[in-house]
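Shown next as structure tokens: one chain only, the form predicted alone.
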Amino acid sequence: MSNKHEILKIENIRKIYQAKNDELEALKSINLKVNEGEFVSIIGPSGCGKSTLLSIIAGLEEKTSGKIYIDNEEIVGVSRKIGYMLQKDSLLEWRSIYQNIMIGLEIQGIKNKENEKYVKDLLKKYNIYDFRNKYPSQLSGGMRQRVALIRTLAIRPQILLLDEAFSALDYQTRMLVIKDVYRILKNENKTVLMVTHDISEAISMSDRVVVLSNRPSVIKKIYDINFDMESRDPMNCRENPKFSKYYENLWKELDINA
């Protein structure tokens, strides 16, 4: 990724939760740089603060200290440059697929002809256009998640945050959706920061995998993932001889009792 410029910088992020008689330090000091177009996954022990970190970057949760920069500009609170995709698709059942996808543009007051054309182009490009007048209840779980992704892309974020975005799907559907989502994100040259508990998912999709320590969290190690493929997708990565070695190393990193 050396030819890409740094788009996201996380500097000394710390998070302390205040309790009645004590305080809980969730994130001790998180420092991370992400390049444009890079796909970075974050894994770590349960309860280590992975989703908390994503919420802080998205501006949905306050940090105790530290700074976040996008393109060298400090970000405070919610930024239009960031899109956030959660585990649940959160589609509104009373709105059509097209209306659901447009909701972010409506909220931000940027629903105009140019953005409407962009949305329609995305729908056609990724085979959702024929479903635009249907309702969420008429779609499969996998299709709903694709719609949720297009809804997130509609506001043209520079950085996409994925928080366990595929974990609610059954295994077979998840494999197909992961392949589709990876293709879409690479086609659109999006920078992605993904939180997952699934090591295989992290390896198969990522350029780098960040391992967080147990709470209070620091970055324990960062692994570069390189399969030396001309045409990479999450399915063929799992069949690559390097995959099992990456898995073994990351599993050992997560073994907090080791």
Ligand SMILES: Nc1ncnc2c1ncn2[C@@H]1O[C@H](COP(=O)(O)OP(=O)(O)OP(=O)(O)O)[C@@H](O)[C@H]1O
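Sequential numbering from 1, following the sequence displayed. Because the structure is a prediction, the values reported are computed rather than measured.
Form predicted in complex with the named molecule: not shown, discussed below.
Of the candidate stretches 198-206, 223-231, 63-71, 22-30, only 22-30 has residues whose heavy atoms lie within 4.5 Å of the named molecule in the predicted bound form.
Put simply, of Gly59, Pro216, Gly37, Pro45 only one has a heavy atom within 4.5 Å of the named molecule in the predicted bound form, and it is Pro45.
Heavy atoms of Thr52 reach within 4.5 Å of the named molecule in the predicted bound form, making it an interface residue. The closest heavy atom approach of Asp89 to the named molecule in the predicted bound form falls outside 4.5 Å. Of the heavy atoms in Asp180, none are within 4.5 Å of the named molecule in the predicted bound form. Residue Glu164 is the only member of 134-170 with a non-hydrogen atom no more than 4.5 angstroms from the named molecule in the predicted bound form.
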